[in-house]
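Single chain ahead, by itself, as structure tokens, in the form predicted on its own.
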Amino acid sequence: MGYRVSRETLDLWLATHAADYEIWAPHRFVGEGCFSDTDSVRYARVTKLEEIELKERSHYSFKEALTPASQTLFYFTQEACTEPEPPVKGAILLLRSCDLHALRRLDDMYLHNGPADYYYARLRERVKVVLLGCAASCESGFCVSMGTNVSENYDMSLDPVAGDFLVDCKDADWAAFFAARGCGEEPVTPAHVEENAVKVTVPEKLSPAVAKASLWNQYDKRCINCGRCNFVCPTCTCFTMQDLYYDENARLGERRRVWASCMVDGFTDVAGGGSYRKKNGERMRFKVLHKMLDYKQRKGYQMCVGCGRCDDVCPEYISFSGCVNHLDEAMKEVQGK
């Protein structure tokens, strides 16, 4: 059911649901950008409409709401292990279309890639999603090429229009909330991007010659192993385990799950001093082929959702979308011979 909702009513909706849910939305952190006098747009807990950044895509993904960068799995002593208390509240995530598609990828990895991840599953089952309409394309995004520019699997959509908001409610309780407050009904179709400035062509098949081509060698020098591309990516799910021992008593501590990056030193180190991918070009090859080819062979669609954050955050101006297009061009050259 579609409604036209005033700012006051939407603020009341936020305040009402903050009692039972943690509401995560893009928030502008003024002056906290990577460069002087710049802002950072990141996901944060909000309770008011004025706290939500509605115009600009977030620089960082939403995934920390479901999988924190550092998460304590259990506490241990000499005699026992104890789990932290589970989250008391559910979560409402305000996501743009690309991130809503990314949520499906997280579900695949944490819930359907073997036994379900206990820590992810216990929160995921209490998550509701609000789709933020995209009136225009972000500069680096290529969601249209990846087929992630349109979403339908949401509980409610939200589009600002002429001082009010248009919402499409699929949640019956939320629809009743707006109807009870006299919000006018009208047809609503969430805004979505129809064309990006950045266009990507993914080769459906890749010959061994192209997969091992010398084009990856350039990244040996260009990439600096910072891992930023992985940390801002909404579909990267790799993590490592760390045991933290307390200074007061070395026999007590906690085990934490911490985000990891396939682009940093040590990620593929194995017993005996070996390492599967020592060069940065090898790591870039692994990341690109996993996102764009290997994952599709298993799931039927690419892991990448075309949000473009990795291109924006790279300090060496390495373009993931550009790399994929280079692959396609190399493949066409091979096929033309």
Partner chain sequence: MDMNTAKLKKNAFRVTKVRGKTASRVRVPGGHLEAKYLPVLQEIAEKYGNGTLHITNRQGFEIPGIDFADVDKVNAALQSIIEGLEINQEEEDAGYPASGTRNVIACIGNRVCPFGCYDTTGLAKRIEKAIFPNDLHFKVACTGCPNDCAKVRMHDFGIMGMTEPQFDPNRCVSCEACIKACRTRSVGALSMQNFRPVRDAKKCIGCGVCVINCPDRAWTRSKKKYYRLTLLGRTGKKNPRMGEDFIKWVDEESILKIILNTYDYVKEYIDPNAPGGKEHIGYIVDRTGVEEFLRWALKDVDLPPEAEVYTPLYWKGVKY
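Residue numbers count along the first chain shown, from 1. Small disclaimer: the values here were computed from a predicted structure and weren't measured.
Not pictured, yet referred to below: the form predicted in complex with its partner chain.
- Comparing 274 to 282, 293 to 301, 49 to 57, 36 to 44 against its partner chain in the predicted complex, the single stretch with non-hydrogen atoms within 4.5 angstroms of it is 36 to 44.
- Among residues of the shown chain, residue 118 is not one whose heavy atoms approach its partner chain to within 4.5 Å in the predicted complex.
- Taking the partner from elsewhere, residue 226 is found to have a heavy atom lying within 4.5 Å of its partner chain in the predicted complex.
- Among heavy atoms of residue 269, none comes within 4.5 Å of its partner chain in the predicted complex.
- Under a 4.5 angstroms non-hydrogen atom cutoff, its partner chain in the predicted complex has residue 243 among its neighbouring residues.
- Of the residues given (264, 123, 215, 73), 264 alone sits with a heavy atom within 4.5 Å of its partner chain in the predicted complex.
- By the 4.5 Å heavy atom rule, the three marked residues 69, 231 and 256 all count as contacting its partner chain in the predicted complex.
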